[in-house]
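Presented below, as C-alpha cells, is a lone chain in the form predicted on its own.
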C-alpha cells in the first residue's frame, strides 16, 4: 500500500494505492489520524488506485468519518474502482459516506 497526501483548496486529498486490508489498515489509520489531528477538516480519499479493501480497511474509513464528525469536518470517498465501489455498496457504506466519481468533484468548494 502506498499513501500520498496533497492539498487542493480547503481539502486534503489522500491517495491510497494497492490493498487496504488487515495488514495495511493500521498504517493507513495512523496516517489519517495524523492528518486530521494536524488540522484537516475536509478529507478526500482518492481511491482511484485502490485495488482491494477488506472489512479492516472499511473500519478505517468509518473511524475517520466519526473522528471528523466530532471535529465538525467531513470525509468524501473519490473515484473508487468498480470492485472497490461494489464492496462499499455491499457493506452499506454508500449510505454512510459520500462517494463521488472524481477527485475534482470531491474537492469542489
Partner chain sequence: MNTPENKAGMDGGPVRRQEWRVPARMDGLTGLLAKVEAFLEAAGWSLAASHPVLLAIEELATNTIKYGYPAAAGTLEVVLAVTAATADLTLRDDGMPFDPVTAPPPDLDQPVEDRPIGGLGLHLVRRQSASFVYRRLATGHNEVHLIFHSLAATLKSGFQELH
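Computed from a predicted structure; not experimentally measured. Positions refer to the first chain, counted from 1.
Note that the form predicted together with its partner chain isn't included here; everything after this is about it.
Using the partner position in the predicted complex, report whether residue 77 sits within 4.5 Å of its partner chain, counting heavy atoms only. Output for residue 77 is no: heavy atoms all beyond 4.5 Å of its partner chain.
Going by a heavy atom distance of 4.5 Å, is residue 27 a contact of its partner chain in the predicted complex? No, residue 27 sits far enough from its partner chain in the predicted complex that none of its heavy atoms falls within 4.5 Å.
Even though the partner isn't displayed, in the predicted complex is residue 48 close enough to its partner chain, meaning a heavy atom within 4.5 Å? No, residue 48 sits far enough from its partner chain in the predicted complex that none of its heavy atoms falls within 4.5 Å.
Test of understanding: in the predicted complex, would residue 87 fall inside 4.5 Å of its partner chain by heavy atoms? Yes, contact at 4.5 Å.
For 87-101: residues with a non-hydrogen atom within 4.5 angstroms of its partner chain in the predicted complex? Stretch hits, in order: 87, 90, 91, 92, 93, 96.
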